[in-house]
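In the block that follows, a single chain appears as structure tokens, in the form predicted on its own.
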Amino acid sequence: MIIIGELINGTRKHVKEAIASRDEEYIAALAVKEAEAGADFIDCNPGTIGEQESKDMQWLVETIQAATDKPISFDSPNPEAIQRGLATYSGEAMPMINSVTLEPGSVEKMLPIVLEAKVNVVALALGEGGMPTQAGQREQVAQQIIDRLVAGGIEPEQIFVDPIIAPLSTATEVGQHIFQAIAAVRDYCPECHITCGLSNISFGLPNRRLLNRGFLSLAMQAGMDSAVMDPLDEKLMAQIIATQALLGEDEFCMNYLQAYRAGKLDV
């Protein structure tokens, strides 16, 4: 399971304040905590706009890199901010760009950046019609964007398809639509990764972490192998380990046993 730590996001109150005040200690500590908890990528989302976002992206990348060698996921709809982040990045591991869509102009703007930087890219199943609402829409858009990216020179292994997680509170059948889309994308492009913004599923509902854990296991069963999530949620991390064992992805349950001995399952 490829875990993209979600916590360094300028839409979160304390992170927003830390970015504005240039609180390196707070951001660095958060990056270290995510890395130590098991994050494979550190998401970096300034949450600002325009030139300020580019400046904030550069500062965040410098701060995160000084604290951990985990690759960064540059999370912004602003190509200039992403380019500033990539220019600042000096890590050895391949970073990630979040994201590209089938909305007009998105692929055209982002494809040259992805090709030049040789990075992973999150591909949102979002087309001209906006947020998918019907069964079958997610996989249809996802297949189209995979084809566009591969035809443009991107290797399938670099593509992280995001089927767009809508809140369960707004659409009762959204979980089934997403699981269907994940399975379809996995069949269509076995080499691609499938990710999601995990906590979106529980937005607006109580006991959100319970729903996040249940959704994650079902999505993994359907074929999802990545998630933008909170790696500091110990119960969620334990759920991943248990689910991988149950799905036959942990030979002789060695990872499960190792995690048990380390106290990671005692949550």
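Just so you know, these numbers come straight off a predicted model, no measurement behind them. Start at 1 and count along the sequence shown; that's the residue number.
Here the subject shifts to the form predicted in complex with a further copy of the same chain, a form of this protein not shown in this document.
S.K.: Only one of Thr48, Thr68, Gln239, Thr63 gets a heavy atom within 4.5 Å of a further copy of the same chain in the predicted bound form. Which one?
M.R.: Residue within 4.5 Å of the partner: Gln239.
S.K.: Does Lys235 make contact with a further copy of the same chain in the predicted bound form, using a 4.5 Å heavy atom cut-off?
M.R.: Judged by the heavy-atom cut-off of 4.5 Å, Lys235 is in contact with a further copy of the same chain in the predicted bound form.
S.K.: At 4.5 Å between heavy atoms, is Val32 in contact with a further copy of the same chain in the predicted bound form?
M.R.: Contact with a further copy of the same chain, no.
S.K.: State yes or no: in the predicted bound form, is some non-hydrogen atom of Gly175 no more than 4.5 angstroms from a non-hydrogen atom of a further copy of the same chain?
M.R.: The answer is yes: Gly175 has a heavy atom within 4.5 Å of a further copy of the same chain.
S.K.: Heavy atom to heavy atom, is Leu257 within 4.5 Å of a further copy of the same chain in the predicted bound form?
M.R.: Residue-level check for Leu257: yes, a contact with a further copy of the same chain.
S.K.: For the chain seen here without its partner, which of 176 to 184, 98 to 106, 155 to 163, 72 to 80 has a heavy atom within 4.5 Å of a further copy of the same chain in the predicted bound form?
M.R.: Residues of 176 to 184 come within 4.5 Å of the partner.
S.K.: For a quick check, can you give me the residues of 245 to 267 that have a heavy atom within 4.5 Å of a further copy of the same chain in the predicted bound form?
M.R.: Contacting residues: Ala245, Leu246, Leu247, Gly248, Asp250, Glu251, Phe252, Cys253, Tyr256, Leu257, Tyr260, Leu265, Asp266, Val267.
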